[in-house]
Structures are given as structure tokens and as C-alpha cells.
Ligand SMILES: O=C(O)CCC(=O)C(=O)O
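In the block that follows, a single chain appears as C-alpha cells, in the form predicted alone.
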């Protein structure tokens, strides 16, 4: 596997709370995922003109922004279904959280189209719908979110904008983002605007950030424009304070598309016990094989034999 990130990237992420890595995914991976987006969402181009905000209106979280977002798995190839569990992406999350055992607790595909909505958002942090409390003082105990671009994200195609943690701390006070999503200031967006950075980058790039980092969505203004992203959120395994998706709830989704192609390491990121875990007995292996006929049970059987032998 080619090197997709460096120790300098991890250190920048740890220092600033966010960073962009251009072309993390290669052209073939981008093309395969983009093809799945077209199959899943059934649309490639947006309208000729962007949706205009009403006079006097401000950036908001309108329901229309979220009409074309959904969680894995999808009735398509493994390209989209497993890109959030790409080994390099998992390795990057492990390096940032400083643990070998991470769980993918959110993975969504989001298609945006010019004119479908006004995607402009106010600055906000994600922890409010990722934990019932606040971010931990130890950043390793928090989660990491990685937005993966599978189309070019020019300024006219809705790149996420953000403020690095040192800048927001300088303006709002140390750790202000962890005390509340919108601190009691007259105009948070105006205060943060001078420090606004764009994630505009070519297809295949990623934007990684923490749950206490201010960021915002921006509108698509390019005629007939579209933007495809996958959001993958990782946390330390066993961290019950952070969550988003309870994967078993989506039992009607085509989980066979995941089990038929994922490695034991990838399945472990979804909470499936690894080969050799006491959960796996001859009975549970047989039952899981019946539930997911395309699942490769060999590593689990071999580990059980070694444990018994």
C-alpha cells in the first residue's frame, strides 16, 4: 500500500484539530466510488442555478440540505460500502487516537446538487450530536471525523470551511468550543470569519477534524454542479460516551454487501468480534454463516481450531 499520510499529517491534526490531505485516494478508487454514488442516488447533475436565500435570511441547517444523505450499507458495489473502512483510513484514525482498536460509528454518503438546497451553514461543532456531554480534555478520547471527497471540491462546489483550534481558542478563549457549540457572543460567525479556511481540494482528498472544531457547509453555485462525499467517524473501541449509528438498527439494509467483502479487521471496526474472540464458537460461526452466506468464515474457524488445539 502506498503511503497516504505522514507523521507530519498526524502531528498537524493533533496540533490544529483539523487538516486537509490532497489525493488521499487514487483515481481508480475515486472513479469506483463516484460510479456507486450515481447508482445509489440516481442523479449526477444539479440545476443551472443555485438556490437563492431569502432576503435577510442567514445561513442555517435546513431540512433540504439532508435529503440526499444516507448511511452504509447500500445496494451497490463494495467500493462505496467499504471506502469508509479503507485500511489507510483506519490506520490514520488509529494513529490519531493512539490505539489499535477503533470503531467506525458513523459512515454516510452525502450527495449535494446545485439548486437542491442552500447548503450554507453557520459555524458549528459536531459534538452536540455525537455525545451527550462535552469533548474530553484528552483529545485521544474524542472521536475523529474524516470527510472524503469523490468529486472535485472547488469553491463553487461546496467545500467545507473550518477554523483551526488554535485560532478559535485565540478568539473565543481556550476550550470555548468544548463548553458549548455557540458561545454567548454577539456574532460567532463574524468573529470566526477572518480565520475561515477552505477545504477546496481535488477529488480523492480528505478533510479530517475533531468534534470540537468549528466548521460549516458552503453552497454549490456551479451550474449543474454536484458534490459526492463520504463521512467516516472513528472513536476508540469501548468508548460508550460517543456514538451516532447503532448499526444493528438498520437490519433491513443489505449487510451482505459488507460481510461478503470486508476483512475481519474491517468488520471489527463495526463491532464484530475478531477471529479468536470467545464469542466465536462452532455454533455462532455456523449461525452467522447462515445469516450472511457470502461471509468468509475461514479465519474465524481457523482461530477457533487453534484455540481448541
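Quick caveat, the model's predicted, so the values are computed rather than measured. Positions refer to the first chain, counted from 1.
Quick note: we don't show the form predicted in complex with the named molecule, though the next part is all about it.
Contact with the named molecule in the predicted bound form, defined as any heavy atom within 4.5 Å, is confined among 162-170, 188-196, 87-95, 213-221 to 213-221. Contact check for residue 147: a heavy atom falls within 4.5 Å of the named molecule in the predicted bound form. The named molecule is not drawn, but in the predicted bound form it has no heavy atom within 4.5 Å of residue 279. Interface residue remark: residue 120 is not counted as part of the site for the named molecule in the predicted bound form, having no heavy atom within 4.5 Å. In the predicted bound form, residue 236 stays away from the named molecule, with no heavy atom inside 4.5 Å. For the partner-free chain shown, 121, 124, 126 of 116-132 come within 4.5 angstroms of the named molecule in the predicted bound form, judged by any non-hydrogen atom.
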